[in-house]
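Starting off, we have a lone chain in the form predicted on its own, written out as structure tokens.
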């Protein structure tokens, strides 16, 4: 699943290509059309296809922002600003091309689902192999309740204090620290991959409950989270299975993992343990992480 660093790279890649463009049309794949016709929320969430299309055609793409793992497209027409909120799910990807075949990656060509036509003649294509992602049209940001509940961005000044306060809540005391830091109400954008890497860097066993971790160690962990997220951004994100950036290229962060997906710990050379925590496969070293 694309996490914060990957979504940040999608935002950076898309912004210069689409900001200032006017939307002139929208087309949907047969999978989306069939899904919506049968009452499913396939890709386009919260509204029918006709309403989605009618609301965005004629609008200018004014800005593109990222909030945790969500992309926020700010649209503007003669009446007001409005928005598309998008999540990449497990395998979503965006491309800006003259024609679909220009994507150049068969899986993403075959699994395109939304084509937004731009005044320049180019197309903003959303592809999604597993179809767990979404585009959701909203009139006001306050309608995006899933975003309103997210913690501050981990790079913001207030994020550390917010995180420390959240960890004092009674609901977290008996839960594992990994489950806590993967929750967006505690830390923004720290998914499974970067949680494993941060816990390894901070030398904390992911099975340890929150109540057994002191304030100093909690701070050390937060700093580790920020570090691995910054590393992820620096190295283009992690391409574990299907992630590609706007140019169709893989990231390189996976070549720098110390624990995630490894058989041998990069720190001590010992065997890597695995366990499912909060439904996610967790990698850790029992020698390095106590």
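Remember, it's a predicted structure, so these values are computed and weren't measured experimentally. Residue numbers count along the first chain shown, from 1.
Same protein, other form: the form predicted together with the DNA, not shown, and the subject of what follows.
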Which single stretch, out of 106-114, 212-220, 92-100, 153-161, brings residue heavy atoms within 4.5 Å of the DNA in the predicted bound form?
-> 106-114
Heavy atom within 4.5 Å of the DNA in the predicted bound form - residue from 72, 124, 75, 129 = 129
Heavy atom within 4.5 Å of the DNA in the predicted bound form: which of 119, 173, 207, 146 fits that? Just give me the one.
-> 146
Looking in the predicted bound form, any heavy atom of residue 87 within 4.5 Å of the DNA?
-> yes
In the predicted bound form, residue 82 touching the DNA (heavy atom, 4.5 Å) | no
Taking heavy atoms only, is residue 40 within 4.5 angstroms of the DNA in the predicted bound form?
-> yes
Contact of residue 280 with the DNA in the predicted bound form (heavy atom, 4.5 Å) = yes
Along 179-200, which positions have a non-hydrogen atom within 4.5 Å of the DNA in the predicted bound form?
-> 184
